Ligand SMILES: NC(=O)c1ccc[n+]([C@@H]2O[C@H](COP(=O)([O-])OP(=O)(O)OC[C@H]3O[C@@H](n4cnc5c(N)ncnc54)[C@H](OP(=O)(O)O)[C@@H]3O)[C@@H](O)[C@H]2O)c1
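Shown next as structure tokens: one chain only, the form predicted on its own.
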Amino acid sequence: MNTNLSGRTALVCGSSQGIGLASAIALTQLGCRVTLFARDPDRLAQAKNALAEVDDAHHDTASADFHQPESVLGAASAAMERAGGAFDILVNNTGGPPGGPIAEADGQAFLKGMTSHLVNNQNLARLVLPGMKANAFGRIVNITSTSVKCPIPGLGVSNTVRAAVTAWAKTLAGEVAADGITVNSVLPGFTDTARLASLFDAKATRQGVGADQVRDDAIASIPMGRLGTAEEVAAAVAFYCTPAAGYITGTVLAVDGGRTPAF
């Protein structure tokens, strides 16, 4: 099975920590040269050091606030020039919208969520697609949520935004497939990250219970009986990026320990 990504370049968003960083490391392990893209320059510097421990290739970083699409596009464009004028791989990933019932969310919350996710995904895809088409190879992977299969209570805005991104990805996949470009989505379930811990804390506060109780209840809903790891999600992301996955496009893959009740 061909999983060699030597000579390939990747732009990995939200890669200063968590699933994004794990995905960047997984791609590096397959020989890819990675540009880490996130908001915090200090965390990015630490993440770059983590990549260097795997492979001393010339990895790069780019910084922008993902609530500001023009800044994101500008930073990504400059990074692409430093990478040789093209990216072979784009991993779309950024922190999800705050939790809460959908009935209590105002319109601005939806606009903010759509901007940081859907608008940035679209802008970045348009940036990298010409180079991918010229090389007859491209991989776009979106890290979303199992909520696209079954909405998660208490995550109203996130459920809506993630569904929109999945519809966008499916549409794009059909449009670029003939150019050798695949577009797929990875759906993490309950994964042991700082993001999940913050959601558990917020839910505990709303319910007036301890965070440990919320965590235990979540684990009880997972057939495998444990939280996932960022590395397990990253393995799925990396596989989608390999030559071996060249005939897989327009799909969604849940990495959730069997928790999602839908097919």
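Remember, it's a predicted structure, so these values are computed and weren't measured experimentally. A residue's number is simply how far along the shown sequence it sits, counting from 1.
Absent from the display: the form predicted in complex with the ligand. The rest refers to it.
Peer 1: Should I143 be counted as a contact of the ligand in the predicted bound form, where contact means heavy atoms within 4.5 Å?
Peer 2: The answer is yes: I143 has a heavy atom within 4.5 Å of the ligand.
Peer 1: Is there a heavy atom of F190 lying 4.5 Å or less from a heavy atom of the ligand in the predicted bound form?
Peer 2: Close contact exists here: in the predicted bound form, F190 approaches the ligand to within 4.5 Å, heavy atoms only.
Peer 1: Can you check whether S185 is within 4.5 Å of the ligand in the predicted bound form, heavy atom basis?
Peer 2: Answer no; every heavy atom of S185 is more than 4.5 Å from the ligand in the predicted bound form.
Peer 1: Can you check whether G96 is within 4.5 Å of the ligand in the predicted bound form, heavy atom basis?
Peer 2: Judged by the heavy-atom cut-off of 4.5 Å, G96 is in contact with the ligand in the predicted bound form.
Peer 1: Hey, with the ligand in the predicted bound form, do G14, R39 and H67 all fall inside the 4.5 Å heavy atom range?
Peer 2: Looking in the predicted bound form, the three residues G14, R39 and H67 all sit within 4.5 Å of the ligand (heavy atoms).
Peer 1: Using heavy atoms only and a 4.5 Å cut-off, determine which of L30, L196, A204, A50 is in contact with the ligand in the predicted bound form.
Peer 2: Among L30, L196, A204, A50, a heavy atom within 4.5 Å of the ligand in the predicted bound form occurs only for L196.
Peer 1: Where, among 234-242, 50-58, 31-39, 205-213, do residues come within 4.5 Å of the ligand in the predicted bound form by heavy atom distance?
Peer 2: Heavy atoms within 4.5 Å of the ligand in the predicted bound form occur in 31-39.
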